[in-house]
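Presented as structure tokens, the chain that follows is alone, the form predicted alone.
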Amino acid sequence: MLLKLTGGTVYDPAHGIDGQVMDIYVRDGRIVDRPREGERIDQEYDLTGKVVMAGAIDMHTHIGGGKVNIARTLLPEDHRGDPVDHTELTRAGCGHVAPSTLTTGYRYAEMGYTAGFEPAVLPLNARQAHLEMGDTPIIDKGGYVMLGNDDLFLRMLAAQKDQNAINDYVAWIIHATQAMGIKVVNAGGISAFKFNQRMLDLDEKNAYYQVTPRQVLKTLARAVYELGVPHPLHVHGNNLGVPGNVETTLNTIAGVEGYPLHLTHIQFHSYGTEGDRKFSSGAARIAEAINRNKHVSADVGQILFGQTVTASGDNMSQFRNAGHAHPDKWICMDIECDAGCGVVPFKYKDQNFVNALQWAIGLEIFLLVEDPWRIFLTTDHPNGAPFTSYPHLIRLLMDKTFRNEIFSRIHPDAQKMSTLASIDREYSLYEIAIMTRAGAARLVGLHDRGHLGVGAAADITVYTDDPDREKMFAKPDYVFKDGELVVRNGKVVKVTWGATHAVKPEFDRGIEKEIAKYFDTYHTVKMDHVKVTEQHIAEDGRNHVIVQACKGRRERTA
């Protein structure tokens, strides 16, 4: 079947197309060249005056895994407060801050998103995470697997194992868990928490393993680089939420010594200690560091005001924040002593000084980082806000008048501590397309997504251009997933099942002997229990795995 999308105004930054009127052709789920003259067009959509972009990609969103289910279990009031009715096309669902799998897929698609990536897949829980993501309709999925607090890695580091062996272990974990990359959360800190350490700065040693976060970060960043994994090491830094952590973040950038690095939810790691309240914005310093260090990218983790729930592998920070829970309940858990998890409900308030300044800090970072290819639109769903708030966030970035209006209503002391009102920058549609499409695809390693070139998957979103950007991005006219129309006028019209994306870096299979011996000695499960096969992901026939290419194993450095 040949599909023609006629006369839309296209924004495709991967090919330098900035508001060009053009036609797009789709055959068998892929974008194709203009057909031969006289070839039959099976279906045509007139997109005159419409804005056309590739399907949006959320490169950091908590949509699968143990902590997400714990958040759902903890908040029955969230289920009751936002039910989704069963229709002829969609099944019933629920939840606003922690929506069910079905609701998650529908709502992402209805905003024009066609892919979302879970940033914290625990190796021992990877199968459950994939099954949960596989139950999320329409959008493509994938995950970054957590290392840096697991016992085997820390033992290897403490024993000063050869980098080759560590690289092989990292690659094995990526294969075993069907992951797209490596995530480190509070490097060494989750482990240190179990030995009664309540803080762990970059050069402070884990009490048991006697290794520092700096060693963990550099070793993992080097491993990811040398294995040729497209997505750089995904770093949730130490000292999340702690005043003064801007210094830790800047030292983290320096500490990886030039290896590619992605700093996630950077807003939570950009705090100074100036002022009477000893809490201030470090956004300008962070933005300057990102602008200067071309090997560094970041997503913001913007907070937006209202009720949400924080769900994180960083049990150290969640334990510290439990006293702020709203409503007053929280959970901390562990699996096989190999990681951690804390779930704390939270309500951000515009008249709370800290929350108001957090809001301003995130926007400052967005607007001060110069290169939209290296800064990404996230709320760290649901930690900063639910993903359904993205249209509102886009309007804040694109409309200075609207942004300043909201700014004028936040806590007055936070206004005095922020430079936000003096920043004139407004994002363009082209820059939004970079952050949410082309740049996100390139960062994650999706070679056939995020753009509208020939050969790309036909994930396409069509909007009515509207000066109210929140209205525009909340309700696309059309969303095509793999060439099929799945959303019309902001409502699901067809339910499909997206693919799971993974990478497969090369490694020496001999590492399995050491891994198997470790599991037999220390774990209650066997090594093979960790392995997630393509058959596990596709067992119900709805999902399949797409293996994205690595860059090839790079020459090891001394």
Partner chain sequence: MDDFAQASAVENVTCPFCGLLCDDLTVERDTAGALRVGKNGCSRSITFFERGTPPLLPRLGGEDASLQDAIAGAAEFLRRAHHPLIAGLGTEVQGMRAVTSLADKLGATIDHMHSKGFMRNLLVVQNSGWLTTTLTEVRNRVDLLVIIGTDVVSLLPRFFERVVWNRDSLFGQDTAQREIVYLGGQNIDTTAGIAPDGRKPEVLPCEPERLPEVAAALRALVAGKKLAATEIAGIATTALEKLAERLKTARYSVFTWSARAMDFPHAELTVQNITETIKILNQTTRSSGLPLGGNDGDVSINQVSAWISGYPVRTSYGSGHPEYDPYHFSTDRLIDRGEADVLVWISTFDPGRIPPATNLPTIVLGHPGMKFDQEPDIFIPVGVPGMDHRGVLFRMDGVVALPIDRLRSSTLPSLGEVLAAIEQAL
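Note that the structure is predicted; figures quoted are calculated from it, not measured. Residue numbers count along the first chain shown, from 1.
The protein also exists as the form predicted in complex with its partner chain; that form is not presented, and the subsequent description refers to it.
Out of the listed residues Ile331, Ile423, Met111, Ile166, Ile331 is the one that sits within 4.5 Å of its partner chain in the predicted complex by at least one heavy atom. Only one of His96, Arg374, Arg395, Arg72 lies close to its partner chain in the predicted complex, with a heavy atom inside 4.5 Å, and it is Arg72. For the marked spot (Phe193, Tyr208 and Cys337), a heavy atom within 4.5 Å of its partner chain in the predicted complex is present in each of the three residues. Though the partner is left out of this view, Asn245 does not reach within 4.5 Å of its partner chain in the predicted complex, counting heavy atoms only.
Taking the partner from elsewhere, Glu539 is found to have a heavy atom lying within 4.5 Å of its partner chain in the predicted complex.
Looking at Ser100, you'd find a heavy atom of it within 4.5 angstroms of its partner chain in the predicted complex. Interface residue remark: Val495 is not counted as part of the site for its partner chain in the predicted complex, having no heavy atom within 4.5 Å. Comparing 296-304, 276-284, 348-356, 194-202 against its partner chain in the predicted complex, the single stretch with non-hydrogen atoms within 4.5 angstroms of it is 194-202. Contacts between stretch 98-129 and its partner chain, counted in the predicted complex as any heavy atom lying within 4.5 Å, involve Ser100, Thr101, Leu102, Leu124, Asn125, Arg127, Gln128, listed in sequence order.
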